[in-house]
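To begin, one chain is listed below as C-alpha cells, in the form predicted alone.
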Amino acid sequence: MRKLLFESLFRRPFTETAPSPDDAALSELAAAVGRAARRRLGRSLSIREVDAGSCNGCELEIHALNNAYYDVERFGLRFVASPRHADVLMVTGPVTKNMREALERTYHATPNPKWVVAVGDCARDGGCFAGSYAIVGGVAEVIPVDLHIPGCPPNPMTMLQGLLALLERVDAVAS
C-alpha cells in the first residue's frame, strides 16, 4: 500500500488532455444560436432532452454543452426538466418499445411551437440497434422530426450548428 501511494505521487494522471475548441468560433456560434432564439421566440431557447433508449454516448456530449468549455447558458440556451417549459425536444437513441409511449406523451406535453431534434445516428434509423426486437426504430417512426444531427455521438459544436440551422430554417419559413 505504501509503495502504491508513493508511486501515485509521481505518476501522471490517467485523464486525457481536454480538447481545445476554438474559443472564438465557439463563442460566435453560440451567440448566433442565442440571437436566433431571441429573434424567433423573444427569449432564450429551452431544450428538453429525452433519452429514448440510447447508449448514453449522445447524453455525454449533450451534457458537455453545459460544462465550463461550452457553457451555453451564457448565450441563452438552457435545458429544462419539464417538456411543458421546452421549445425543443432533443431525442437520443433508437426508440425502444418501452419508451415509445413516454416519448409520445412528452411530445404532446410540449407546447406549440415545438421542434424535435433527433441527435445521433441511432435516432435516425436505429443505428447499430436496427432490427432488434426491442426497438421501434428511429425517432421519426414515433413523432415528427424537424432536424437530425448525425454522428455517433455528435460533438457539442455539431449540436450547436444543428440548433442554429433549425432556428434559421424556422425563421425563414415564418418570414
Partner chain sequence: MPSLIDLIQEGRKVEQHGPWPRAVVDASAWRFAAGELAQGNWSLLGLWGEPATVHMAILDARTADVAVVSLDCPDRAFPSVGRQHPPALRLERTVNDLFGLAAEGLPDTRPWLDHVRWGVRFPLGDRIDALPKATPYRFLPAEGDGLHQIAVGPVHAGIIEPGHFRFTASGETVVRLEQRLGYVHKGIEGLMTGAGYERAVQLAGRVSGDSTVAYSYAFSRAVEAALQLTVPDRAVWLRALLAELERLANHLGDIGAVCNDASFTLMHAHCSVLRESVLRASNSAFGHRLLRDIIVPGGVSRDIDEQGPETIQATLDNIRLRFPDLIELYDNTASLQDRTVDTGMLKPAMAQQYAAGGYVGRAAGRSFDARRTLAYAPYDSLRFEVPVLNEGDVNARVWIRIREVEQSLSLIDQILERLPDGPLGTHAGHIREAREGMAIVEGFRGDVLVWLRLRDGRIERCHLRDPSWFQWPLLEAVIENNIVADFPLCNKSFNCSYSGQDL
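Numbering follows the first chain given and starts at 1. No experiment lies behind these values; they were computed from the predicted model shown.
Not on display, but discussed next: the form predicted together with the partner chain.
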property: Contact of W115 with the partner chain in the predicted bound form (heavy atom, 4.5 Å); result: no
property: In the predicted bound form, G162 touching the partner chain (heavy atom, 4.5 Å); result: no
property: Contact label in the predicted bound form: G137 to the partner chain, heavy atom within 4.5 Å; result: no
property: 4.5 Å heavy atom contact, E59 to the partner chain in the predicted bound form; result: yes
property: Residues of stretch 131-164 in contact with the partner chain in the predicted bound form (4.5 Å, non-hydrogen atom); result: G131, S132, Y133, A134, I135, C152, P153, N155, P156
